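Here we start with a single chain on its own, the form predicted alone, put down as structure tokens.
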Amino acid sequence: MKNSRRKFLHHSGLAIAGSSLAFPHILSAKNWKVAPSDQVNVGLIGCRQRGFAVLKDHLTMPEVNCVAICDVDENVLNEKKAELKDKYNQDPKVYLDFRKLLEQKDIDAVIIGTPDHWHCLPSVYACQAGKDVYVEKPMANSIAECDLMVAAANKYNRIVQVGQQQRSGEVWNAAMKEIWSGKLGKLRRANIWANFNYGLGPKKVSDTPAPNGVDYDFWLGPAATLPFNDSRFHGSWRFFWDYGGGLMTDWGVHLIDMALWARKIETPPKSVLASGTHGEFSDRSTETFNTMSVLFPMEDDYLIQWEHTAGTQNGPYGRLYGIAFVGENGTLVADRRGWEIYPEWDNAKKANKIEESKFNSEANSTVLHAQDFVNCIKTREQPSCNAEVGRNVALYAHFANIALRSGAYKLNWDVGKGKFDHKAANKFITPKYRSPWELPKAV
């Protein structure tokens, strides 16, 4: 494609986003004629819920074609292939093994919507195969895997977008503009909370044979061998350490990312203090923590605080999740729907230090995030949540979980050595892969 086309796409990103939201029928109908040089062919790895939702967001763009899909569950694979044909006029090839999908020459980029323990290898292999990558958050299920994914993106010069779509959202971009304007005064802390009923995890069920059409051994992949249990499978795997990190890595990476962005922090925390419990829910089958409080003391007098109480749906300011950005002149409280400012009172002047204000948007941030990714595939510019950004915030979430899992509660991180000051905590940095799968020592 011509350079002028690339520059146009980059600088008109917001205009394109707005048009897709105002006129979704134009894009979803695939009735625009797009030059072959501007078309982007994508493959989907992990087709069930989130992965397929992200694919559909990509298909709002007329230049995007889905040419391949892959899943270890043939039932899901067949269902999604039929839906793509019926609703999107797409006829992708189907695969049970993502490595075979990566051999397909006409694929420009892959979307990885698998459980977290399957983020690393497909991402690294895709970069090695010359494909760009959209990988769901958290970037990976361990610190070492995140490091490898960044190394692969850099070595093979690939565009990697991590699925932290708030980086592309109108609400959060407007919030950052407000914070960076200095209106709030010096930002002193970010109080974050996320309370969800689903955070208690699935109810206990007995082991059973894997459903027909499911390659369960492949689903386990590098994770330890365990009998099939539906409470650890579709939709509930994130509450088990081999596959995910509970609410901390599910919502934590989204919201902590905003606290970091507000102060333009691009480095991992030097220390973390964490407390939490698994709770007494004998009917639930989970390993991750359903109640947590975490502190990240940052430099320049800034404090990030996280808390979640699974099984509840209430929180500060009437929001079940959100962030309160506390400044000297006022507090900006935000969630995905919008934000509002609560001014501090100036007793000497008998007036608010700043004006009250609010912002709301119904724009689909995941669509905007997908559009940003596709534009960057064409321009080769960095997307809004590149590999380095995704890795950094994932480390915050992993540090919090590791502080509790190791029994350390307080950890210090040596950036130069890439280690904690605690022997038991360091054992969680690199996962043990089950044979025949191997974690690459280098990319």
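As the structure is a computational prediction, the values presented were derived from the model and not from experiment. Heads up: residue numbers just count along the shown sequence, starting at 1.
The protein also exists as the form predicted together with a small molecule; that form is not presented, and the subsequent description refers to it.
Here the chain stands alone, but in the predicted bound form its contact with the small molecule, taken as any heavy atom within 4.5 Å, falls in 44-52 among 392-400, 370-378, 58-66, 44-52.
Among 178, 116, 147, 170, the residue placing a heavy atom within 4.5 Å of the small molecule in the predicted bound form is 116. Only one of 84, 76, 262, 109 lies close to the small molecule in the predicted bound form, with a heavy atom inside 4.5 Å, and it is 76. The putative spot formed by 70, 98 and 218 is fully lined by the small molecule in the predicted bound form; each residue has a non-hydrogen atom within 4.5 angstroms of it.
The small molecule is not drawn, but in the predicted bound form it has a heavy atom within 4.5 Å of residue 254. The small molecule is not drawn, but in the predicted bound form it has a heavy atom within 4.5 Å of residue 250. In the predicted bound form, the small molecule sits within 4.5 Å of a heavy atom of residue 163. Not displayed here, the small molecule is approached by residue 235 to within 4.5 Å at the level of heavy atoms in the predicted bound form.
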